[in-house]
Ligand SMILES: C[S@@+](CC[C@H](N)C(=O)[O-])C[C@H]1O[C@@H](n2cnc3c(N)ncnc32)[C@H](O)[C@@H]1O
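Taking the form predicted on its own, here's one chain by itself in structure tokens.
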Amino acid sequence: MKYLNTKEKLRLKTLLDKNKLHTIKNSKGKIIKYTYDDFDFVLWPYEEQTKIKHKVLREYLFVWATKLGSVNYINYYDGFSGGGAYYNSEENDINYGSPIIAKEQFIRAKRGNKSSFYFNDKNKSNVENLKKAFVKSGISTSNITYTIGEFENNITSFIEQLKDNPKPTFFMIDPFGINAHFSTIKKIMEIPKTEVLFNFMYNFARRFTNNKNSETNLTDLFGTEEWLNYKNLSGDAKENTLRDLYKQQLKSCAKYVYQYRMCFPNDKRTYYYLFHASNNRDGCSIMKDSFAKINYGEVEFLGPNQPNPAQLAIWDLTTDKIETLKVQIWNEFKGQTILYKDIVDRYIDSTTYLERHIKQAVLLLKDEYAEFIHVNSKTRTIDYDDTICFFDKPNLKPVQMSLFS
């Protein structure tokens, strides 16, 4: 098969014959897998939050591979690669998992031969399933290394090799549970040009905070025993505190950290947070853009509270929200002189605003609230290294009187 002669080959539908589709259920009657007569591999149910995650990966990895792969050999490492294939019951077709999506997007970015892929899963059956799903997808299987075993055991040698010969590497760490150590992520982020997308399984963490047998796992997850101070909290207080603690830990080793809340598809409760850690401003900004682009302008998946696309102007925040951000920036920086990039850094991973919204708000401050000193005198907008001199008080323009007033 000649693959990727269209923009995104894997987005083409492979409709299934429902008479050939069979379900595998657990003891409670819930569908956990599907088999299909014509396939030698199984498929997992395609949940809504997983669809969102995969769409974000498509958007982001194409840009990441295009930018960093232009002058570098690049890597993709998936620590919990899974079985690689899903059945989308709404559209009656196959969808492929993050390993195949990554390979697809690197090829689309013309980096297929300038990259390596590492897929790990502790279950041999998942790895074998993934290999068969790759064959079905028609995507090239070159430059792939498969490993079988516990993530924490198998990632160690890869990190050591990468430290000796650093290359831009995107790590997808998506455990189903709390069996991933913060110390490992810290080691990854100490290597230049690495990024991590980590699934912080809050629903699991919440459930096990009062389980004595899980204390060691939770301490490894957070990289600190501080979580013990909050285990008796409940509701939003517990969620917000544990989420912020994990973000604080990531900020100790990554300059830019943003968390994307993912709710259960049919429940308003949080299922997990996707934490993106990067030492590159563009990485943080582009990931937020990617999420907003496929999620109706929002940077969280709200399950049953998702916005109605028919009632939305996709992309743009309202004028009122931009005005609110403008006032917030003015109140924080009035009387100060600061580089524009430092303003972006202040808000890009601590608010829901996208970078272009920050830019719009800053531009609204010009003349009345601040003076801009441009590095390039010909610029018509604003650049990262431009200086913003905020006035102590608004520079109100005199009202012109009419001759006839």
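Quantities reported herein were computed from a predicted structural model and do not represent experimental measurements. All residue numbers are counted from 1 along the displayed sequence.
The next section is about a form of this same protein that is not shown, the form predicted in complex with the ligand.
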Sort through 135-143, 94-102, 227-235, 242-250 and report the only stretch with a non-hydrogen atom within 4.5 Å of the ligand in the predicted complex. 94-102
Heavy atom within 4.5 Å of the ligand in the predicted complex, from candidates Asn210, Thr156, Asn113, Asn123, belongs to Asn123
Select from the listed residues Gln306, Thr219, Asn179, Asn88 the one whose heavy atoms reach within 4.5 Å of the ligand in the predicted complex. Asn179
Would His54 count as a contact of the ligand in the predicted complex, using a 4.5 angstroms cut-off between non-hydrogen atoms? yes
Does any heavy atom of Asp78 come within 4.5 Å of a heavy atom of the ligand in the predicted complex? yes
Classify Glu195 as contacting or not contacting the ligand in the predicted complex by the rule of any non-hydrogen atom within 4.5 angstroms, answering yes or no. no
Does any heavy atom of Tyr273 come within 4.5 Å of a heavy atom of the ligand in the predicted complex? no
Give, in sequence order, every residue of 128-160 that has a heavy atom within 4.5 Å of the ligand in the predicted complex, or say none if there are no such residues. Gly149, Glu150, Phe151
